[in-house]
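Encoded as structure tokens, the following chain is the form predicted alone, with no partner shown.
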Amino acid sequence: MKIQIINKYLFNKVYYKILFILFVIYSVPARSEDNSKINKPIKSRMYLTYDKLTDGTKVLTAKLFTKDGKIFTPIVNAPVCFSVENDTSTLELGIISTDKEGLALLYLSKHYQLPGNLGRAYIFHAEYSGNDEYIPVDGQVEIKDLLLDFKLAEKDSEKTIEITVNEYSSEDTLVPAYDVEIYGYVKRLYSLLEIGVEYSDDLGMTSIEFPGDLPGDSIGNLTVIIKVEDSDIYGNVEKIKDINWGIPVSYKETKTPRALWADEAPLWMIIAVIVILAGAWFNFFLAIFKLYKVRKLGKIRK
């Protein structure tokens, strides 16, 4: 009986030692793996967009961020190197650090001469070299230079926006840009009002009818914006002009009549409130006066 107890004790001792060894073997690599995950750089992402403003200025915008599920976190104060590629080499345009929203914007004046490709097509690059915390990432966008212009025409009672779009051929001459999607907007106080969407024809031309019932400023001025948006070939291109095609509207403040919903309440309500408050304070002081008289009367009787 004692031998069985000793054997059972030895067996349990060996069994627990084996369990402990297995635990150590499997737990140590797991911890090292967790540490490697913690120290592993985070994957960074980048969007690169191209905009051509109404004055001919070109803007390259790189958005640098990380993504965890549905949460986007901007990478701040990260140097982004912009460059443009021509037929034979790559020209560096500048290094811009990202702001608090993870945006790095590079402005190119309309007078800045980019290296010429056939047809004035440019390949823009934006590169982030990364660090111990973030993995390097780059973005690329290939853009063809587009010339967008429009004029405002009025015939009889009809008002139209006549739009022309051209691009450069391989011989570096202007040719019509065909089948370009063009949006027409009118600038409002906090947004843009869309007034039409058209496609350019074989001559690179199209038109958008202008509505005649839009309110403008005191003399009817409006801001018209024609845009090419998110094009895979041309990027974002816009042209802005002012025209007095709006309905003149006076924005001077007028005194509104007294009402419950206005800044000034009706007189009858003000008078009623004054009477009620006066009555309440009268009764309050009258009660204090009565208490004083009662106390004084009590002292006289003593």
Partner chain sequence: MKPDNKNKNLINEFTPFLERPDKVWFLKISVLFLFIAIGFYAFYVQVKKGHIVTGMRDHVVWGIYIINFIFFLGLSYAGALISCIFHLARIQWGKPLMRMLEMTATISLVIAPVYILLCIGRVDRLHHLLIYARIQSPITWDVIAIVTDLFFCFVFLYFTHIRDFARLRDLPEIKVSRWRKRLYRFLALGYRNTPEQAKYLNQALDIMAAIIIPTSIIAYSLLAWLFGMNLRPGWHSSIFAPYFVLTAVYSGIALLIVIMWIYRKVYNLEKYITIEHFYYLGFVLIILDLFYGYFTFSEYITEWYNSQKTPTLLLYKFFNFSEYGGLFIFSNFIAAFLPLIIIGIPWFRSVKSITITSALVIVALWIKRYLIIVPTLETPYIPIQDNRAEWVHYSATWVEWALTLAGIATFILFFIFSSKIAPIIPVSAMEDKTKKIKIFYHKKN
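Quick caveat: nothing in here was measured; it's all calculated off a predicted structure. For clarity, a rigid core is taken as the largest C-alpha set superposing within 1.5 Å between two forms. Residue numbers count along the first chain shown, from 1.
The same protein also has a form predicted in complex with its partner chain, omitted here; what follows describes it.
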Establish, in the predicted bound form, whether A259, M269 and L286 all lie within 4.5 Å of its partner chain, using non-hydrogen atoms for the distance. yes
Are any of the heavy atoms in A265 no more than 4.5 Å from a heavy atom of its partner chain in the predicted bound form? yes
Should V273 be classed as touching its partner chain in the predicted bound form when contacts are defined as heavy atoms within 4.5 Å? yes
So which stretch, 273-281, 41-49, 229-237, 62-70, is the one near its partner chain in the predicted bound form (non-hydrogen atoms, 4.5 Å)? 273-281
Superposed on the rigid core, does the Cα of I240 end up 2 angstroms or more away between the shown form and the other one? no
Return yes or no for P266: a CA shift of at least 2 Å between the shown form and the other one, with the rigid core superposed? yes
